[in-house]
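A single chain, nothing else alongside it, follows as C-alpha cells in the form predicted alone.
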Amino acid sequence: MKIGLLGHGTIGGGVDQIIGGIEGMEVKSVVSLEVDDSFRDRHVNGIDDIVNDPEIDTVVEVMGGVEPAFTFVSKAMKAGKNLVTANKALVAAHYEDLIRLSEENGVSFRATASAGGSIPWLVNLSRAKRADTILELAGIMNGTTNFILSKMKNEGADFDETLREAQALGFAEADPSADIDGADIRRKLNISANIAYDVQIPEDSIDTFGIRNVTSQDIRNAAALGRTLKLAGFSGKTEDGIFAYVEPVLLPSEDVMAYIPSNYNLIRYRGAYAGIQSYVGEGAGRYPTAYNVVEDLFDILAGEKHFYTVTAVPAVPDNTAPVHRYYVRTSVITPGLLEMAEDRQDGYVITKPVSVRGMHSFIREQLIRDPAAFIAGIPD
C-alpha cells in the first residue's frame, strides 16, 4: 500500500511514524504547509501530485477543517484512491457526499478515528447493527473537556487555569472553541447517530451547549448534590424518529461515565438484544488517534470496501422527546425559570422535568440576559 498523506501536524506526524515501522505500507508523498527534515524528501506541492501518481492507491487526510480537505479528497476518490480520514468536521459536513463518492468510484472510505480517538467505536457500532437494533447511544466523546472537568473536580482548579494546561499538553488547540462549546462532540455524535440509525442528520440541528461558562462553584454544587459534572452527547430512537443533543450533565455515582478520568472517553450503545455495551480509551492525543487511522489502513488491505453504512435517510432530531430535570445557574431569575423551578438554592435552580428542546431554547435566550449562565442536565 502506497499512501499520500494530507497533513503532517500532530496526527499526521504520528501516522507517518507508525507506518514507518509496518512492512507493506509506505507514505510515499506528503502535502503539508510546514515542512521538516523527517519528510522533506517526500514533500509534494499539492493534491494533484498525489492524484496523478499511479503508485499511490490510498489517501490519508488529517489536515482538519472542511476546506480544502473536501476538495482534495474528492479529487483523490474520483481518481480511484481509497480514503482514510480522522477529520470529524469533514465527515459531519459531507457525510452523504463521501459515501456517494466511495460508491460511485469503487473505493474504500474509512473514518474510525473521527469519533473516539483510539476507541474502535464506529467499527464496533457498525458490527453491532448487523444483528441488533441500536436504541440509544451516549458518551463522553471529547478528551479535552473531560480532562478539564476531571482536573477541576479532583484538584479544585478553575476553568481558565485548567484550559491553559490542556493547551500546553496538546489536548486543546490554541482556539479551543470546538472543544469547550461542544462542537467537537456534536460532530462525533452526528457521525455515530448517522451510522447507528442509517440516517443523515444536519449537524446544526443537534441542540448543543458546552462548558465555556462552567465555574469551580458549579463543580462544588454538583458534588453537594452527590453528582459529577461531565460533558456528553446523547441520541436515541423515539416513536416518531430520533433525538440527538450535547450538554453538560450531572451524573449519579452509579453511572460509570462519572468515573472516566483525564483525557479518556467512554462511548456506549444500548441494543435491543445486547443491552449496554461500553468502549473506553484515550480520546485525544497524537498516537491514540494515529493508531486508529492505521487500523483503518489495515481494514482496507483486508478488503473492506465500504463505509460503515451506505444508507443515509434525511432526518431531523426531535428533542422534545427526551425530558429530565436541569441544574440552572444564573444571576437573572426570570418568570419563565421560576415556572420551571422545582427547587431553588443559593445561586442555582433545579427545574422540574423539561424537554431538551425547551431547555436549550431557554438557555439561548438566557445568555442574552446573562452571558455567564450555565445549565446541566440531571438524568434520572
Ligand code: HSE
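Throughout, we count residues from 1 along the sequence that is shown. This one's a predicted model, so the numbers in the text were calculated from it and none came from an experiment.
This next part talks about the form predicted in complex with L-homoserine (HSE), which is not shown.
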{"item": "Which of 181-189, 207-215, 148-156, 237-245 sits within 4.5 Å of L-homoserine (HSE) in the predicted bound form, heavy atom basis", "value": "181-189"}
{"item": "L-homoserine (HSE) contact in the predicted bound form: residue 172, any heavy atom under 4.5 Å", "value": "yes"}
{"item": "L-homoserine (HSE) contact in the predicted bound form: residue 85, any heavy atom under 4.5 Å", "value": "no"}
{"item": "Partner proximity in the predicted bound form: residue 144 to L-homoserine (HSE), non-hydrogen atom cutoff 4.5 Å", "value": "yes"}
{"item": "is_contact(residue 283, L-homoserine (HSE)) in the predicted bound form, heavy atom dist at most 4.5 Å", "value": "yes"}
